[in-house]
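Shown below, as structure tokens, is a lone chain in the form predicted on its own; questions about how it binds or moves come after it.
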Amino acid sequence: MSRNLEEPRRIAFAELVALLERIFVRFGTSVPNARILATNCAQCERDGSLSHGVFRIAGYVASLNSRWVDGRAVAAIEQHGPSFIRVDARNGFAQPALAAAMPLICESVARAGVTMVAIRDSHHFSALWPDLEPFADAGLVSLAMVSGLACVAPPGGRKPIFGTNPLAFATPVAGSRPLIFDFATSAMSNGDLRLAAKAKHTVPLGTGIDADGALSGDPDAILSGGALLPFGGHKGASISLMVEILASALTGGQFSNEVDFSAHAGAETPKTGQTIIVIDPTRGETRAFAERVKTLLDCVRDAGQARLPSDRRYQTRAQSERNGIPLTMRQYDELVALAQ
């Protein structure tokens, strides 16, 4: 009797981390780096960020196989002044580079009240909220941004210049989990566009353009010689431009349109840069900061906004922790095959 490969299967978070860790190690990542990447990927899947969960494993493997990224890289950390930290990821993944810098970041914030972290020569292929949640859990405010592979055209343009260039923000909230938002500055993330193409779904007109520069709602046309567009026209494009400047020019990384992995067949991870700003909100006269944030959020809810950023993510997390993380049998079988 044949198996239904689309049948759902529930997997515990720890089991998924262990499975993903074996995959990363098998394809050339050091054990410490593999554990960080596996946890990050499993967190995304657990919380419903499916465009950055196990969907991305094939891309990680392809980049490792092509030798485009060094899975064993050990970041070099440099302090330049009391509140400026530079991190050279040495052609490795951004998450292990950030993890290596965390002790110095925490020390710097405790001393100076604010710290700027500029990571260069790094591959970031995931959501940004997992990078920031630990800071918010520690009572800190933080911002993060990362440039990527050029796939977004400026308004009126006919070729991609920007990455999807996501921006994330996190803050503690009194009496509840942190408020965290994380969004691409393009009309849709590249991962969600690829998922729409895989599912044969159309996307809203204005999401992107085809190879001739015409507006398109066909994901395949946008992905095949076309480009995504920024959200909000020139306003979104300006934010995307800011991300390029802060995450690439300021860090010393490549701009999105400078990323060239043509010599590494199959590679997918963009090698650019990432900027993180961490702030201690209790300095000075703002020790009631988290309570003030709660007051504001209560006002927003009272005004009629039923769902705030991160609400659905926390709900999905709670369901996954109770019932396990949902995968299809096909997804599970593919992961097991990669791990072996």
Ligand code: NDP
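Note that residue numbering follows the sequence shown and begins at 1. Values in this document were obtained by computation on a predicted structure and should not be read as measured data.
Another form, the form predicted in complex with this ligand, is not on view; read the next lines as being about it.
Enquirer: Are V146, T164 and I180 jointly within 4.5 Å of this ligand in the predicted bound form, each by at least one heavy atom?
Expert: Checking in the predicted bound form: V146, T164 and I180 are all within 4.5 Å of this ligand.
Enquirer: Find out whether any non-hydrogen atom of T275 is located within 4.5 angstroms of this ligand in the predicted bound form, and reply yes or no.
Expert: No - in the predicted bound form, heavy atoms of T275 and this ligand never come within 4.5 Å of each other.
Enquirer: K271: heavy atom within 4.5 Å of this ligand in the predicted bound form?
Expert: Contact with this ligand, no.
Enquirer: Would you check, heavy atoms only and a 4.5 Å threshold, whether R287 touches this ligand in the predicted bound form?
Expert: R287 lies outside the contact set for this ligand.
Enquirer: So in the predicted bound form, is this ligand close enough to T39 to count as touching (4.5 Å, heavy atoms)?
Expert: Taking the distances in the predicted bound form, the answer for T39 is no, it never comes within 4.5 Å of this ligand.
Enquirer: Work out which of the listed stretches, 105-113, 213-221, 124-132, 79-87, brings a heavy atom within 4.5 angstroms of this ligand in the predicted bound form.
Expert: It is 124-132 that comes within 4.5 Å of the partner.
Enquirer: Looking at R312, R292, R283, R67 here, can you tell me which has any non-hydrogen atom within 4.5 angstroms of this ligand in the predicted bound form?
Expert: Comparing distances to this ligand in the predicted bound form, the residue within 4.5 Å is R312.
Enquirer: Let me know the one among A227, V243, A184, L140 whose heavy atoms come within 4.5 Å of this ligand in the predicted bound form, would you?
Expert: The option sitting close enough to the partner is A184.
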